[in-house]
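What follows is a single chain, given as structure tokens, in the form predicted on its own.
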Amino acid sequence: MTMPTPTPSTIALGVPDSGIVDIMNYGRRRGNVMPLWAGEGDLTTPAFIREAASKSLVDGETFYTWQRGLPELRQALADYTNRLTGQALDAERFCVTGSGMQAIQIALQLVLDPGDNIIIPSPAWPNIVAASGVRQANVIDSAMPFVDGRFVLDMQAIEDAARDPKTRAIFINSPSNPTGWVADLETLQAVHALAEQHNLWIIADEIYSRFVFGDAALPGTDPKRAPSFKDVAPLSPRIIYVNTMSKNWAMTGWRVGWIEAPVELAQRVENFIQYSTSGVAAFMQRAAIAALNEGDWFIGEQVARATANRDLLVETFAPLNRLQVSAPDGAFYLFFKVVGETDTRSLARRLVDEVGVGLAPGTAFGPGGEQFLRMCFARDPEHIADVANRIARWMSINP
């Protein structure tokens, strides 16, 4: 007698495939493709960071460690935030997580019960939408209108969604992946006021805050950074910040992030860490300390390179009738519209096959992204110039 095979949970069956990973897998199987589909650059982690990790291993730091993170790292996070904002924060506000993604998952666990609503402006990084679904929350995709070549936040749509009594939180990613949108102080103030009015949590994803260009940077800041909720609502009890070591210091493979929340939530955060990963390896945390304390110069070099690549891409693509492109204000992605295209997933595969370039299809980023492609330009300028020319030639002969 054949026994029935157990089936995965309803939650597991409902987790969507990633449209970004789909094109990555497709391109990797083909080989010889310029991989601009994921959110990482081509620079390896700087030597001084790697050496800090190596020293920790040599010193024998191979045991369980503080669930909330090494005290030295939590203080380094507070000091780093102080350098950026001028605000002296209690290190108890910071907890170390096993990636920015885990920080997001914990933030969702802190504020949402199954059946609650979360507002997420769209197009959006698909992981936050999927993670909300895993939490069994209802995602309200607040589509960002594309006006004169730029995305803008639809505050009326957000307010309409906030009126629903099931709505508990809003997720704001600024600078934005994938759109490059950067919220100004007036917008951040409006979002916080709306959250106060409707008693909502704000999850603030400021991962790309150092990658900000031109007038989008907050005036008078050194080092330059994007406007932050910290500028309009310091120590607000309703804001949870999520961040990562991945982008600023070329540490994508290290999987170290952090969450900053009111001190009253620290024990809850620690509990979630305990029952998921039981903490981040000490040698990885030593590397993070070195990055935070000594790595501002490296961020500066990355931003300078990204700025040049951004300008080159816009200059190359702007004359093409088939493309609508504008310079992003932040992050390191060009999210450009392909006029008349309704299936950018198929288009992305064609670009892999016919151009040897891997871009993420806009369909992966939710409502409003269907006609777009996302290119990560945190790369060698010579590679970006070559890719831009290849795509421009292909577009010119494939109207």
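Numbers for residues come from their place in the sequence shown, where the first is 1. Just so we're clear, the structure is a prediction, and the values are computed from it rather than from any experiment.
The same protein has a further form, the form predicted in complex with a small molecule, not shown here; the description that follows concerns it.
When contacts are defined as a non-hydrogen atom within 4.5 Å, none of Val212, Asn248 and Asp296 contacts the small molecule in the predicted complex. Site annotation in the predicted complex: the residue of Asn138, Ser99, Thr187, Ser326 reaching within 4.5 Å of the small molecule with a heavy atom is Ser99. None of His198, Lys224, Arg255, Arg150 but one reaches within 4.5 angstroms of the small molecule in the predicted complex through a heavy atom, and that residue is Arg255. Interface membership of Tyr241, defined by any non-hydrogen atom within 4.5 Å of the small molecule in the predicted complex, is ruled out. Taking non-hydrogen atoms only, Asn177 approaches the small molecule to within 4.5 angstroms in the predicted complex.
Contact annotation: Ala261 falls outside 4.5 Å of the small molecule in the predicted complex, judged by heavy atom distances. Among heavy atoms of Val191, none comes within 4.5 Å of the small molecule in the predicted complex. Of the candidate stretches 156-164, 226-234, 101-109, 85-93, only 101-109 contains residues with a heavy atom within 4.5 Å of the small molecule in the predicted complex.
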